[in-house]
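Take a look at this one chain, the form predicted alone, written out in structure tokens.
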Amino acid sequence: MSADSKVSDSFEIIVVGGGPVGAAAASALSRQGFKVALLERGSAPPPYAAADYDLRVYALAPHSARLLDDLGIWPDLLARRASPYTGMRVWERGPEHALRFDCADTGRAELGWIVEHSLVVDALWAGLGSVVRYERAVIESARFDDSCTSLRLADGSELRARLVVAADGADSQLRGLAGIDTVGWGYAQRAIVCHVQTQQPHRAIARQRFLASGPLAFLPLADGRCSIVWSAEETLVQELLALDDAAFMARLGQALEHALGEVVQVTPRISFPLRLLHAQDYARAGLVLVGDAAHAIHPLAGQGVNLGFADVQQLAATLVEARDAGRDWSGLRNLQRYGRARKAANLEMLALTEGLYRAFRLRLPGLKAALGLGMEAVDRLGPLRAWLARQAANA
């Protein structure tokens, strides 16, 4: 359903941002009986093109799969192209010393699934149902209030709602308009992303090596290739991007210590900057933040979109519980319940990720060797390894 952008309208909830977290929020809240609109600054996402494997992929955790199943799209994703992974190998020196996580440690058939960004967004938009969609909707100003929040669009129209959900990314315009401060920093690093074919099969195992320059991940794809995410300082990234394919594949194989043999094919490479960001508040009168608008994280743990989907689950549960109990579901006190719950969980993951990043970046004599030995020790302790596997899967 499309809306005439020249006509002002009122909703119970307006979600701003049509990426995976925003579309999931709009769908989840609509399915709970709220009158919902979704505002997207750009156009609707193009149809999923199966012939072109998207370079941007997500490692979806079991709780994310449950959300997408609740939204009615998970079977479609599995049928089209989702790659389950059943294990992880993490090491600093020598793949034979890797810390091993396996699905058997979690009691599940898989630890998670690698799914393309464009496929997830396509399925979520197709499942929006009765959500009213506004495309190319540019917000000029906003007024936030406990009883009614209004958004003034560039075309002169005004939309009102009891609650606005900001899912508009790490540079959230709504967060800025609400005066919510953030803490964080850039990592002076970029991540290189591409897909590669390796000499040996990936066997549905995700692999990550901690290099002095930053982490390198090989994620198993459904077509037998791997998606790589290689994080490094800007100078090294530019050097790697400037290499021809043959030289880059050789460097990549060396960096993974040939755990999958030689790299024999590679797609074009892209890169993006890395940063950590956390909003000091997740809720203000008439406004809540979800996904990257509330938190951005280093990709070494692969948890970015999973944290966003967990935000959606918590927000929907908090609003529905209050509504069904006859309380003011859109009031600041209730929104702060959501904020407290998600802040604690997200800060725990941000702290874990930052700790890992800094531990492997330190160049103190003997430290990385000790960390490597620590991985071997953990690998020998079955119960501890099983607990870590559950955390890695974020089940």
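All values reported here derive from a predicted model rather than from experimental measurement. So that there is no doubt, residue numbering starts at 1 and follows the sequence shown.
Below, we turn to the form predicted together with a small molecule, even though it does not appear here.
Just one listed stretch, out of 99-107, 162-170, 279-287, 208-216, contacts the small molecule in the model of the complex at the 4.5 Å heavy atom level, and that stretch is 162-170. At a distance of at most 4.5 angstroms from the small molecule in the model of the complex, none of the three residues Leu67, Ser83 and Pro220 contributes a non-hydrogen atom.
The listed set Lys35, Arg337, Lys343, Arg41 contains one residue whose heavy atoms approach the small molecule in the model of the complex to within 4.5 Å, identified as Arg41. Of the residues Gly304, Gly253, Gly87, Gly127, just one reaches the small molecule in the model of the complex with a heavy atom at 4.5 Å or closer; this is Gly304. Contact annotation: Ile73 falls outside 4.5 Å of the small molecule in the model of the complex, judged by heavy atom distances. Not displayed here, the small molecule is kept clear of Arg333 by more than 4.5 Å at the level of heavy atoms in the model of the complex. Using a 4.5 angstroms limit between non-hydrogen atoms, Ala26 is distant from the small molecule in the model of the complex. Not displayed here, the small molecule is kept clear of Gly112 by more than 4.5 Å at the level of heavy atoms in the model of the complex.
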